[in-house]
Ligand SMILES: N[C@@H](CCC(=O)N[C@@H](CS)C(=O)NCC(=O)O)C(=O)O
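Here we start with a single chain on its own, the form predicted on its own, put down as structure tokens.
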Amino acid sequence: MYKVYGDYRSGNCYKIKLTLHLLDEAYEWIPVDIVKGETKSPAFLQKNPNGKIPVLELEDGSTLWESNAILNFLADGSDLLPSEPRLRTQVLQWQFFEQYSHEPNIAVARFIQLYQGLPEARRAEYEATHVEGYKALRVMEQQLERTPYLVGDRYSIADIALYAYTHVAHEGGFDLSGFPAIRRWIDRVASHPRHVGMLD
């Protein structure tokens, strides 16, 4: 059985939880509190020397880290990861986009607001994340106006990667009312029969 070290409120950790539910894989969830510094403990650093969650521990005791790398490992050979090279590359394209353009803005704004209570010392950074975060949302909106999912008409780990923080973007002060295609996509993802919520 897999072990997942993570925080239920973390979008990066939620990606792993959602994927495991969609694949109907058994796992043990081991809570890690990042606010209390538990990712910096010697025991945790043995699992991920980079000191970040999520971490997936395999049955042999080896570990994988970086959420999108874990998604690719879990989804390999399933319907969540296309085997056709062009489509598979498009999945990777969206995962790189998520880590470089989306997550550093939408997730960081959410962390500043939800976890830290929007301290004045981070107000300028928070406002900067909104400029770039809305830019990332507009990129998604353009794609989702054309296709039901980010890679055509099939639900994939590209959707999981971007759903994780997009569906809670309001917790970082983002208003999705002007993004109807994204809102329809959020509903579409949540309608999957094996879907599980972030805090479920």
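In this text, residue numbers run from 1 along the sequence as written. What you are looking at is a predicted structure, and each value in this text was computed from that prediction instead of being measured.
Absent from the display: the form predicted together with the named molecule. The rest refers to it.
Think of it this way: in the model of the complex, the named molecule has a heavy atom of just one of 138, 52, 154, 170 within 4.5 Å, and the residue is 52. Interface residue among 93, 116, 99, 78, judged by heavy atoms within 4.5 Å of the named molecule in the model of the complex: 99. Proximity of residue 144 to the named molecule in the model of the complex falls outside the 4.5 Å heavy atom cutoff. Taking the partner from the other structure, the named molecule in the model of the complex has a heavy atom within 4.5 Å of a heavy atom of residue 12.
Taking non-hydrogen atoms only, residue 40 approaches the named molecule to within 4.5 angstroms in the model of the complex.
Proximity of residue 166 to the named molecule in the model of the complex falls outside the 4.5 Å heavy atom cutoff. The stretch in contact with the named molecule in the model of the complex, judged by heavy atoms within 4.5 Å, is 44-52, chosen from 44-52, 23-31, 154-162, 170-178.
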